[in-house]
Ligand code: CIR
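This document opens with one chain alone, in structure tokens, the form predicted alone.
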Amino acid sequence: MTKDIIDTFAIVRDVPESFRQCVSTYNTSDDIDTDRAILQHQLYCNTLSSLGLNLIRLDADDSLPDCCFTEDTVLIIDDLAIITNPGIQSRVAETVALEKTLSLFKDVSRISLPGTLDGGDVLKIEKTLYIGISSRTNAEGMRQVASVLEPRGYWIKPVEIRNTLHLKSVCTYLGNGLIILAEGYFDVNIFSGFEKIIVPKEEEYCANCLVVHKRVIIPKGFPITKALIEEKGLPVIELEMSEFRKADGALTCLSVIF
């Protein structure tokens, strides 16, 4: 195993017993099978470990139904952890455990009101951060990110999104200049310099993928998109995500990789 794999970590947080009380824009949270979600999460964690990631596993907190969605709570850029200020008030306390853990590894900065920011709205490609302006992330949150990262040589680009929760709900960077996305949610011309995989309308959930050491993890049940990714020479791993989908969650939501 190479050194870059050994030194790669993923922070994950267990699924709470209160998961059915999570915030869901589609009003399907009552249909969530929490036991099944826990099993799906365990398989997710096992898969990350099998691909060479060292897991930092945090305990669930039943007072925080959405706490397994760690992506929204922090941005990790080089030696800095930017603790977000989630756009839903009930989720703000989720950042406490993440900050405590990451302060052992990184310098810490924080987004503060009136700024709000969900990590799911931030797509990092090399030295550019595309930040979705959404119901969860506002312009002030983006401005605070820019004030911290632009002096470090990063570019911050706003992306106005519509009819979707987060930017990364409908867009993922697969590496080597390749982006997978669903059309109709933002101006795709912002990625005019990239090669694109356009997912079919009926498979839009698969626009959120997780790339780990050149392998692409996708949700199970999207054969057209799977074939499109494989045509680019990328190996694909499928994971069942049914219960997290009911909670507006997707693959990148469940971990913070650094």
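Note that residue numbering follows the sequence shown and begins at 1. Since this is a predicted model, take the numbers as computed values, not measurements.
Note that the form predicted in complex with citrulline isn't included here; everything after this is about it.
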So in the model of the complex, are R13, D61 and K100 all sitting within 4.5 Å of citrulline, heavy atoms only?
no
Looking at 178-186, 127-135, 103-111, 164-172, which lies within 4.5 angstroms of citrulline in the model of the complex, counting heavy atoms?
164-172
Can any non-hydrogen atom of V236 be found within 4.5 angstroms of citrulline in the model of the complex?
no
Using a 4.5 angstroms cut-off on non-hydrogen atoms, would C253 count as touching citrulline in the model of the complex?
yes
Indicate whether A247 is a 4.5 Å heavy atom neighbour of citrulline in the model of the complex.
yes
Please tell me whether any heavy atom belonging to Y44 falls inside 4.5 Å of a heavy atom of citrulline, as the geometry stands in the model of the complex.
no
Enumerate the residues of 45-67 that have a non-hydrogen atom within 4.5 Å of citrulline in the model of the complex, in sequence order, or give none.
D66
